[in-house]
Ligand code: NAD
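Just one chain is shown here, as structure tokens, and it is the form predicted on its own.
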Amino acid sequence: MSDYAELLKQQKENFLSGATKSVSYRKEQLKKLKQLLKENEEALTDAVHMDFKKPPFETFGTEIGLVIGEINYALKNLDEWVKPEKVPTSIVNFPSDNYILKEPYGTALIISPWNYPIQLTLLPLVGALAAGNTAFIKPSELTPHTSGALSDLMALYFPQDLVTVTEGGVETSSELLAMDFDYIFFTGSTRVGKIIMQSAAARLIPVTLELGGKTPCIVDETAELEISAKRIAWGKFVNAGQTCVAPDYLLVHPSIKEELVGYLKTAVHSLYGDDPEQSEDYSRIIDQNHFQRLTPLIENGDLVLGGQTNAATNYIAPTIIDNITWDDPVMQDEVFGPILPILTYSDLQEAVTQIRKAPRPLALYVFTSEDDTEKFFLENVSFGGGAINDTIAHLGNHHLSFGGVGTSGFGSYHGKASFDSFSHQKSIMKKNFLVDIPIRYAPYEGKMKWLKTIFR
């Protein structure tokens, strides 16, 4: 029996003991997680910076602070979330009481990616602990400093039969996926998501898949261009574009393209200065493989901003490319880097038709002052979630669930949705012994007309 198998056995025994189910225990664990983040903020921030030069402000704002906010929200609402949910009865079961119980699945496997190595590891953990599960965490091998720090810290704050962090690469993931977890939560690429799904299907393990896709960002002729450009540039180039919901490409009305490009240049300059390579506020590409994947994409179209690279430090400047076609390499897969191609559309239907040719994306953004334009895209394009006149900021609202559709994933989390994802809904009907309506019992002669009356 491998160490992983023994640890899983311990977690399952812990769960079956009932220790994790009391609300007070769950709150205690959430408070420990918050304590871990607050007491080790500097160490975690330094670890992320060592992995890919992510600025401390972004690490706190998009990772540590976001998780703390999620913990606070769960602590505030957990008493309400765990209550049995009363629902009406149906006429065929009258009289009866009906309700839904929320129970934890058991031991959850959380496989997290490298691009937001704290947030995308710990946000699912908040949901798992709030719902009363134990958790087995496999962070990314591409962020060894952060993964190592999380492994060490979790071992200090949590017993291994409640939370375990296992480092390693593909071989480790494969070994874990062959084990009998009760739930799997995966964040990463669509390609790997399919592998996770196949493995889980063999043992009928429920899963949540948080994947990606080519997120469109539409700008029409009524948008306030200066503000739009600032919000687009921030959403695209934060974390050097390595964000699953970053604008993947711009789809712009031709009448405002030139003006928008000018504002985008100004916005990037205000964010990162004349030379973004010298900016302390701009991240690096995670590794050489991703650097080599991205750099050929700069050769598409006409370069209007950026394009500078440094292989020694995995640096790619914030880059904007014009005169792109739908057939160019940069439009074939999710960019997942600081390269922003620009395309144009002649009318709304053309824009929707082009967007629909790609798999359904994780997000979509529309910049417009027209309610009809907003409504047209929301009603005619299928996507996970998004924003009107902003980018990526919808992730920061606990009241909005976050998840994909189609190849961008399924299942959702954030806020109460995290608790729901890691909870099985157990439906219960309760009857008393005082009334027993005889119509359902044989013999059935003469009862059909009464049965049909009930269902009409």
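All values reported here derive from a predicted model rather than from experimental measurement. Position 1 is the first residue in the sequence shown; the rest follow in order.
What comes next is about the form predicted together with this ligand, which is not displayed.
When contacts are judged by a 4.5 Å heavy atom cut-off, Ser189 counts as touching this ligand in the model of the complex. Although the partner is absent from this view, Tyr249 stays clear of this ligand in the model of the complex, with no non-hydrogen atom inside 4.5 angstroms. Ile196 belongs to the set of residues with a heavy atom inside 4.5 Å of this ligand in the model of the complex. At the 4.5 Å threshold, heavy atoms of Asp333 stay clear of this ligand in the model of the complex, well away from it. Judged by heavy atoms within 4.5 Å of this ligand in the model of the complex, the contact stretch among the candidates 340-348, 181-189, 124-132, 71-79 is 181-189. Contact with this ligand in the model of the complex, defined as a heavy atom within 4.5 Å, holds for exactly one of Pro113, Gly386, Pro216, Gly235, namely Pro113. Across the proposed site, Gly169, Leu177 and Glu210 without exception bring a heavy atom within 4.5 Å of this ligand in the model of the complex. Residues Lys138, Pro139, Ser140, Glu141 of 126-155 are found to place at least one heavy atom within 4.5 Å of this ligand in the model of the complex.
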